[in-house]
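The form predicted on its own is given below as one chain in structure tokens.
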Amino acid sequence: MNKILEVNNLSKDYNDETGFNVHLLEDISLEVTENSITTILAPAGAGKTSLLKILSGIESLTSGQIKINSENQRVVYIPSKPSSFPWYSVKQNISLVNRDDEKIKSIVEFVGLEGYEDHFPENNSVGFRFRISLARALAAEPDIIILDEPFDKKIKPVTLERLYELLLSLKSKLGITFLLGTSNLSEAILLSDEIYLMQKEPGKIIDSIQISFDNERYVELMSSEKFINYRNKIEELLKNQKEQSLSNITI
């Protein structure tokens, strides 16, 4: 597969509110290939959000290099909190990015919001609002969608499983490329083609692992022997690192 994004030796320093220099990210190198889900698995406080924002063009880096496959490459960043506008309906939220009615109709159907075009997201569930954010991202016709801890812990398990299936479907049927940041190991294994393990203080990639299943991805794989073997392998890698630097990863 073609490389759609390549990061070499990316580092990030900043001054905190006291003027103290913080070395947040150190020599981050990773690759994202076309039509894949690549995941950065990291504990809270590792600088994962800053890294994803840098790759989205929202924040600046201190040193290193980011290579993209074209000058016109579109990257859409979806933050951890749903980014839909509560005063606009589902359709209005999407039309802020793309006014093509046929395109909007197709996207609404694909993300499971058919029949809710005129609903407003303010009083609906986190999962509902995430679907709107995802629909708006798709309307921008991106080359990469970057997801920053998108699955709120308050989301019900059944709803969460449906959202996992939606991402997998977008990848397999539409060829969407995702870069996901998460601290949830099981989530990472289920969704990812490749996982980068990241420690904190400073944020640094310590290892990577390719994930491959024989058949199409589905939630029930989480109880399979191969899935458990991947969990055991990654847990062993995590245990071999400093306990403090990898705390808060949900395993």
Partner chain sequence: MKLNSIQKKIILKNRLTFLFVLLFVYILLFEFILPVNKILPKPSLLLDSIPALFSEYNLLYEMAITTSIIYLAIAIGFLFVWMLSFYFATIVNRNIGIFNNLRLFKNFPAFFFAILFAFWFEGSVFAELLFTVIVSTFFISISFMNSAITLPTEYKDAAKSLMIEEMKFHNNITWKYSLPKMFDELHKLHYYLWVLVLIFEFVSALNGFGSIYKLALNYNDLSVIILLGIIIALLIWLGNSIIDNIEKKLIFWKA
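Small disclaimer: the values here were computed from a predicted structure and weren't measured. Numbering follows the first chain given and starts at 1.
One more form of this protein should be noted, the form predicted in complex with the partner chain, which is absent from this view; the next part is about it.
- Among residues of the shown chain, residue 77 is one whose heavy atoms approach the partner chain to within 4.5 Å in the predicted bound form.
- Within 4.5 Å of any heavy atom of the partner chain in the predicted bound form lies no heavy atom of residue 169.
- With a 4.5 Å cutoff on heavy atoms, residue 136 counts as touching the partner chain in the predicted bound form.
- Residue 165 falls outside the set of residues with a heavy atom inside 4.5 Å of the partner chain in the predicted bound form.
- Only one of 172-180, 114-122, 151-159, 100-108 places residue heavy atoms within 4.5 angstroms of the partner chain in the predicted bound form, namely 114-122.
- In summary, among the residues 219, 206, 66, 58, the only one with a non-hydrogen atom within 4.5 Å of the partner chain in the predicted bound form is 58.
- Residues of 71-105 placing a heavy atom within 4.5 Å of the partner chain in the predicted bound form, in sequence order: 74, 75, 76, 77, 79, 81, 82, 83, 84, 85, 86, 87, 88, 96, 97.
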